[in-house]
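The chain below stands alone and is given in structure tokens; this is the form predicted alone.
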């Protein structure tokens, strides 16, 4: 394949450096809003839907999209868009199921939901799987950034007499240092506001490449004529070629990838946690899926289509054998003037940085919530005050971010062996998402999904997935839909279907046999040596898992061990964990959202519609987290003492940056005035003399 180096001019580099300085300075400004770990990770749960929607655009579009979808556009034409348009049919499950659950349960991470819904053991296993997923995602992000920037650099250079050869891994290390420093001190608020700017810039830059490309070719008519007929089809062929076919894309990107990104990507989930309410989160998700996703599909894939057309009329400018991962950069360089190319590359690399910084922030949040705090509780360490504890956690979060940055760099090594970022990302999705995706989905939408079922999904499901990697024939071949066998990457796409199937099968069969499991465990407990029996069963489960992971026997024997392991894991889970369908599902599934809302508030919900009013504020000396309005103002809002209230700076352009949640206190008689405390003023960062808006939440 054609290898490119030293693309662009000094003007482009100046534009890129200036862009990054401006963006990093802009993000650093918002680090002052990080007063607590809640602010650092979740932005204080305060923002309006439009701010979150544009932030999601930057994160979604920046998810390696320009590189991988342009590559597929160059190889397969307009059908590359079907890899990007897979999210729509799962969005209703998200906005009416998972989103209200994660908000009303007040969880700070996905593993915390597993503890509430199932048990601490389940949370432990979910934490391991989620951290592996997040670190792998960071690795994919670094790999993409390295491949995007490498064509801009010379193959080698000498400075102060010392010779340096520029390699992909060396470049990624430098990128990681820059990103790590930025996110370590910025936090979620900085990420949201920089993504707001970058969301607009990305859409503009992507469309700019499209229009400049059409102009370079000679008009849309000529562009359309130059593309082969097969390049104009909206969907890929059903089951060929092995590297890009409809059925493989559906199961890998549409199911494993889309559901994984929407339901278990903590970076995305934390964006929705930062909205001021569930309704605002729903608005952000709806706007994104209806308006931004179709536009983004054109934005991220058009460089590949333009590249294909140019390679047809002038293969000396864009050789047909150009590395697909380089096509976006090559095309942008060909069609742009100096400076414009620098702007487009700055937008691209900034987009990739948005994805990586979001993931690093989310990974640190999972570490603090699911590793640091439980470990501190287990060690019984005490601190002097809540503020001191928060300060310690903020410091630990920054250290964790730096460590996860290093681990993300190491994760690049295995992913760099794939021919393109698309293949690496697809394999990553189909391998790491199925157990957690199945567990979340069945946990939220099926009350009969038990603690033993989710543990079996995590342990036995993973073991069967590993067997699929060792023995794609015959295990995955059964699900192949006639796709050809590629010895180099056997059933890369369709592996997602196999992995989903084994996880669902293990989870469902375990949940449906709960009565038999309980009966069996009762019999074991009636034995005087029941502790020794279950200890032995648990040890054998671990031994079987290790034997499967290291492939120490033939497939028939390993399959028998898998069945035995399923039985043993289920017995151990039922023996050691106390699980009740009543207490572990109340307000934790989609069938109990009314109860979840009531638990969120702490009392009966006030559903009466009220007005949004404008008020001035007056400081009162109190340690209670209450806000007091006049009787007339509370009537306008249809609020009663004990209801929840949200107040914010009345300037809508701030999108809720200066705002705070609280509870209605005892009313007074000063209309148009709200009594608030110094702590609430500090949290909301309200400015003296500025009008506030107030509204009842529930």
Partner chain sequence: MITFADTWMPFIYLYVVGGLFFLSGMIIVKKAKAVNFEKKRHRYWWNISIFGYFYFMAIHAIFIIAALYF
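A quick note: this is a predicted structure, and the numbers were derived from the prediction, not measured. Positions refer to the first chain, counted from 1.
Note that the form predicted in complex with the partner chain isn't included here; everything after this is about it.
- Out of the listed residues 470, 211, 89, 485, 89 is the one that sits within 4.5 Å of the partner chain in the predicted complex by at least one heavy atom.
- Interface residue among 516, 532, 551, 230 relative to the partner chain in the predicted complex, by the heavy atom within 4.5 Å criterion: 230.
- This chain is displayed without the partner chain, yet in the predicted complex the stretch 584 to 592 from 584 to 592, 388 to 396, 615 to 623, 328 to 336 comes within 4.5 Å of it by heavy atoms.
- Although the partner is absent here, residue 140 lies well away from the partner chain in the predicted complex, with no heavy atom inside 4.5 Å.
- Contact check for residue 607: a heavy atom falls within 4.5 Å of the partner chain in the predicted complex.
- For the chain shown alone, residue 250 is a contact residue for the partner chain in the predicted complex, at least one non-hydrogen atom being within 4.5 angstroms.
- The shortest heavy atom separation between residue 524 and the partner chain in the predicted complex exceeds 4.5 Å.
- Residues from 93 to 126 that approach the partner chain in the predicted complex with a non-hydrogen atom closer than or equal to 4.5 Å are 93, 95, 96, in the order they occur in the chain.
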